[in-house]
Ligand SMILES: Nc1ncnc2c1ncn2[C@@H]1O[C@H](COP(=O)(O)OP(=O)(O)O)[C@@H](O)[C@H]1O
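First comes one chain, alone, set out as structure tokens in the form predicted alone.
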């Protein structure tokens, strides 16, 4: 049922009519397919990332989910309400940030801007003042002195915080944010990422679009990679990383082994653990590198440490080489950016 999920996108299709110039006067009519059957679901209580190259369809998807565009085909529900048939009910359930700098009044303070938008959403009197103070504090605008500063004096980080504060005025159960940390300094970006995770842990659904691989890997419970208007891959970060390789490299740095024992140790590890092993010099000692199948990492590490220790060797460091989300992105999009 739609209400069991925070967001459902089902076969979304969107086409645009454009014209390409051919010569000085002649134009050629073209149909651009921005979305070609996009489908995904967002759980309550999770941060869901929509990741993709420029022109992949991220913003078009977000605009359909926020009732700003009508799909040419397919369906979508937000908090159980259909975005086409029940747009007013959908808008009551969402907080939206499409651009952190647009829509505010430059000659009003942060507090006055929030009061204005709060009144547009039906807040009045003490309820309005309390909520303005609450979201201002939640986003750190009070500590920055931004609540009583004119908007025209805001830094980009302050503008981003105010945009999210505006989206949260009515405490909506679903937040949809298009590139919320784009262009922000590291401190501001970290603060916003931390807030989004806290909100999700309180049961809200948070959907973000982002180009930032680090950001997606850091805060998203699940990620959908969109490319050429289609979902190319979807899953947790760990699940997506498995698309890149079917083996997991494990490295153990140790000391105490004589050089003439390298070859025999390689063979012993391969025989006992059932995995290829290669030993090389590192950090005044040696590093043994093994390849484990996904899900076998813990067993390989535990048995390796036990075996090396029983031989009188000292283990100094253990680390697993993981592919990055960027590796996955490049693979499924064919390297497009």
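Numbering follows the first chain given and starts at 1. Rigid core here is just the name for the largest C-alpha set that superposes within 1.5 Å across the two forms. Quick caveat, the model's predicted, so the values are computed rather than measured.
Heads up, the form predicted together with this ligand isn't pictured, but that's what we're talking about next.
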Interface membership of residue 319, this ligand in the predicted complex, 4.5 Å heavy atom rule: no
In the predicted complex, residue 310 touching this ligand (heavy atom, 4.5 Å): no
Interface membership of residue 59, this ligand in the predicted complex, 4.5 Å heavy atom rule: yes
4.5 angstroms heavy atom contact with this ligand in the predicted complex for residue 54: yes
Proximity to this ligand in the predicted complex (heavy atom, within 4.5 Å), stretch among 287-295, 26-34, 266-274, 40-48: 26-34
CA of residue 70, rigid core aligned, shift of 2 Å or more between this form and the one not shown: no
